[in-house]
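First comes one chain, alone, set out as structure tokens in the form predicted alone.
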Amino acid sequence: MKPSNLLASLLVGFSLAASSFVAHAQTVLKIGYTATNDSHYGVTANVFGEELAKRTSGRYKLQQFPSSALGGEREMIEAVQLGSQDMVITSTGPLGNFVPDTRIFDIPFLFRNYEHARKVLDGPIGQEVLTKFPAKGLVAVSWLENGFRHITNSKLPVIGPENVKGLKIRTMENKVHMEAFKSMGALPTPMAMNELFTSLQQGTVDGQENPIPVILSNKLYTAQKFLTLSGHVYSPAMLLISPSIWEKVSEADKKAFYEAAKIAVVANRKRVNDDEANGIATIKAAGVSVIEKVDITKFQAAVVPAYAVYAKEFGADKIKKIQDVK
């Protein structure tokens, strides 16, 4: 072959190789969360990753870091803001410190049931809050779910709010939750999730409050004697992405992100439903006393003073608007 023909062939080959690389270039997104990979968060990440890869011909792939491998929720949210972490699945616990509008959903006894909560988040109220994130250096892809929160402790059966008095209860780093437990006479102790299990074992705190899926996936019940099905707060979660990544995503691919997230939300909620339905038996089998008959009206009455604080912060009209969603 003449040198000129050989050169031409090489150039064509390099061109084809380059085109193939561009067509198949893959962006690996690091996503972190505090729960285990076999939890409701893990299900979310797995389904989201599969659906996103499918919709982008494999151009986006998730690299998962479960079990607080990248730190606590607050640390991971900060890392996503800074661009040193690509994505995070987080509860709204510490999120109110970044996007204050999310705090309203943490008000105790705000939601009647799962159907009510999901309608609010999927509807105009919840979707409008998502628009607040970019101004705070975050992009909210979708609402997710932890579930209704319940109280566990190692001291005594909690039948009503009077039993909570004096208990050192770990709460999320969230002043709305802390205000509620102060109203009951408890000693709320904010603490990152990755510190909680050891603190329960060592007696640093007497108890904690979390949804059943979180209690199960983190095996918190193995360090507690009593579980009270108080359902005092509905706990949303979120899928967040760093603006430094989002600004590089094409409009077509952004659509793929949202479509993948919708399917992941369905999987997330199904897992929460399943954990709620089946998890109590697992917890009982571990020797935990489960208080199922709870006088919710007493708990609601105990947090009435906190509602005056919430009305000042969020506006009584906004709270009522959420309560009125049918």
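Heads up: residue numbers just count along the shown sequence, starting at 1. Here the structure is a predicted model, which is why all the values come from computation and not from measurement.
Below: the form predicted in complex with a small molecule, not depicted.
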Exercise for the section: Verify the contact flag for T34: yes if a non-hydrogen atom of it lies within 4.5 Å of a non-hydrogen atom of the small molecule in the model of the complex, no if not. Expected result: yes
Problem - the small molecule contact in the model of the complex: T102, any heavy atom under 4.5 Å - result: no
Exercise for the section: Flag D106 as yes or no: does it have a non-hydrogen atom within 4.5 angstroms of any non-hydrogen atom of the small molecule in the model of the complex? Expected result: no
Exercise for the section: Report yes if any heavy atom of S91 sits within 4.5 Å of a heavy atom of the small molecule in the model of the complex; otherwise report no. Expected result: yes
Handout entry: Site test, L216, T228 and E276 vs the small molecule in the model of the complex, non-hydrogen atom cutoff 4.5 Å
Key = no
Problem - Partner-proximal stretch of 78 to 86, 112 to 120, 241 to 249, 144 to 152 relative to the small molecule in the model of the complex, 4.5 angstroms, heavy atom - result: 144 to 152
Problem - Heavy atom within 4.5 Å of the small molecule in the model of the complex - the one residue of L200, M193, V176, I212 that qualifies - result: M193
